[in-house]
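Shown here is one chain on its own, the form predicted alone, set out as structure tokens.
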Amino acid sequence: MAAHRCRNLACLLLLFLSVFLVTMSQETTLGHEQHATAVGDPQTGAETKHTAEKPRVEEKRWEETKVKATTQASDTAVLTKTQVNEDFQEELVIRPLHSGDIYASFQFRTVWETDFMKGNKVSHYRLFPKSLGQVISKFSVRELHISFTQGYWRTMQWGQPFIPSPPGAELWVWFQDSVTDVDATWKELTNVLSGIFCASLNFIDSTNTLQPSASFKPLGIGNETDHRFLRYATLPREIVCTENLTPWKKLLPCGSKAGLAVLLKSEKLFHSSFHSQSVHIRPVCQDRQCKSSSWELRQALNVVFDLHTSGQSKREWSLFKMFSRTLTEACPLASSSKIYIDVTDNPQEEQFELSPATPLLSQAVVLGDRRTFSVYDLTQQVTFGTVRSLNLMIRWKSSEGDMLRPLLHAERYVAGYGLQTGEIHTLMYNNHPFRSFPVLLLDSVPWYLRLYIHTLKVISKGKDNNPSYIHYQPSKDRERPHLLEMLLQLPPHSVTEVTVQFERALLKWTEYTPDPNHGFYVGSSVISSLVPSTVAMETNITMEQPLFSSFFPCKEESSYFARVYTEPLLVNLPTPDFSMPYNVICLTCTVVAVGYGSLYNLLTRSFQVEEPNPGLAKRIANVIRRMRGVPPL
């Protein structure tokens, strides 16, 4: 039995060995045949090799495609994040005035969640203008506010503007506390801004630069009120024209090619009673807790069209009559593009008719009053109708109705006679019937008007009104101006008068302007106040609301912040007769020419004795003798 099992096992081993040898011989034969084929036909061999490596190559290409797709997805995510962190809005508010005039206010807001302060070099700009971003980064600017205004805002006729500004140019800047030399940085910044806006800001120097202590607080994030990092200056004689408007429009994401900016036609804007354009840069909060911040660029343009200067015979307004253009589309880069028409005083269309009509109405608290607006959303195609064009029209029906008088109003003028002394009068009106409120007055007077601060008087209702805070910085000749800040309490329904006397200085003849007899301009006074509100104000600055009602932050529900500018002053100084040097030069040259010329003539002239002229007979005889060849007589 054991022998039988051993025999079967040996047979199985032999069978397995034979199968293994046969298989190896077949593979060896196949390998020799393929090698011989490859040697006999090289192309076939190459194809065989390519076929063998083809799956590996395809696999490699597939992996590269995966990497590219991942990179594109990453770029898309970054771009999406950038788009989310950037936002652009545009608004136009039109307020019909009771005088028949039209007040139009453009506001463009660009918000970008980035950081210019931590040494991050920002190189990608999409909506935010690169020129201003580089200014913020290079000069460590925390806030920048600049305005160019032509004309004077008539508060008693037009009410309060959404964003106030004085006549001429105004610039005030808050710097970061990392700036070591603020004056040198301020000087360089004014030169750069002068080139960006094509303005005369390079004329800002120490003689017209202020360092207010309380009047100009930061409007954005930050409670630091170290006034050493604040600079304020005005140029009341700055003329605003097209060369200032063109770079202002280039800062917009869509320029003047699309959206509300197509209405900004220079020949129409400057043919108006009032025109103001401004740029405001500040850091703002993203949420109520202010856990994240972003930079806000707000560009505002206010214009008032006069009924009489426009040459219209009837009280009828439209976009085409005001701007010579109509709207066809919103800015493609804008997340919101709206037009607001103030219809608060026209609930039943008793005073004017608005066409085309819109069913959208909105209410907003503006300057302490609740206003109602008709809203036109330019991002909706139905707004433009079938003609693909929007031309709003206002037809007046009645001129009756009283305008709500502003609660705070101010005036300023110069009194006195002669060219030696004078007196500056500033009047502040509190039109509230029963409430008093504090105001902060800032007066800037050039050094050539020497103030007598001991003559300062503040009178309200015939009684002295003692200021609770006074900050006075005397001037230095040819170095800095006077600075006077006072905190006053205005009684209800009263007029408060502030007077101070001054003496005019005599300038050097090189310090006079080319037209000295025109006079010298003194910048407007600035009055800041928390005015009582008739309705509850919204204190949540991060809540979505119209741009025209969210510029000044509000911290109290019972009051709102208002800033009022007075008229600039035109003061005559003792001016020499600049024609006298010309007269002296002419007289001196005449005397020198006559005296020196006569003396020179006597010294250099040679005298000769001349014989008397012969008579006629003698001359005839000499002619005859000359013809005969005889010597003359």
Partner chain sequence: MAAPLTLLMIVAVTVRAVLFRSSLAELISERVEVVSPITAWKRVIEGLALLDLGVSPYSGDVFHETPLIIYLFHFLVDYAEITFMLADVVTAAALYAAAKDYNKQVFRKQKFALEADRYPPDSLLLPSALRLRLDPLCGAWTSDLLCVSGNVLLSAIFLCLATYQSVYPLTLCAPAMLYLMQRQYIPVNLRRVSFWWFVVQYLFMYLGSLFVLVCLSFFLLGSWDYMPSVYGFILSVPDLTPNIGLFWYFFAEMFEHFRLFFLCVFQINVFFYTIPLSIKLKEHPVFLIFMQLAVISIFKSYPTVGDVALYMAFLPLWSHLHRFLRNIFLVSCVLLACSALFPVLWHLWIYAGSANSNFYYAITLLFNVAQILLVSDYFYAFLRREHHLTYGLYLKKKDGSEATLVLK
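Here the structure is a predicted model, which means the values were calculated and not measured. Numbering follows the first chain given and starts at 1. Whichever C-alpha set is largest while still superposing within 1.5 Å between the two forms counts as the rigid core.
What comes next is about the form predicted together with its partner chain, which does not appear here.
Among heavy atoms of F320, none comes within 4.5 Å of its partner chain in the predicted bound form. Its partner chain is not shown here, but in the predicted bound form it comes within 4.5 Å of a heavy atom of T510.
Using a 4.5 angstroms threshold between heavy atoms, L251 stays clear of its partner chain in the predicted bound form. Interface membership of P438, defined by any non-hydrogen atom within 4.5 Å of its partner chain in the predicted bound form, is ruled out. A heavy atom within 4.5 Å of its partner chain in the predicted bound form is found for one listed residue only; from T114, T426, S256, S475, this is S475.
Contact with its partner chain, judged by heavy atoms within 4.5 Å in the predicted bound form, is confined among 415 to 423, 279 to 287, 174 to 182, 106 to 114 to 415 to 423.
Shown here without its partner chain, the chain has R450, L451, Y452, I453, H454 in 441 to 460 lying with a heavy atom within 4.5 Å of that partner in the predicted bound form.
Superposition on the rigid core between this form and the one not shown places the CA atom of G597 2 Å or more away from its counterpart. A displacement of 2 angstroms or greater separates the C-alpha positions of P581 between this form and the one not shown, with the rigid core held in common.
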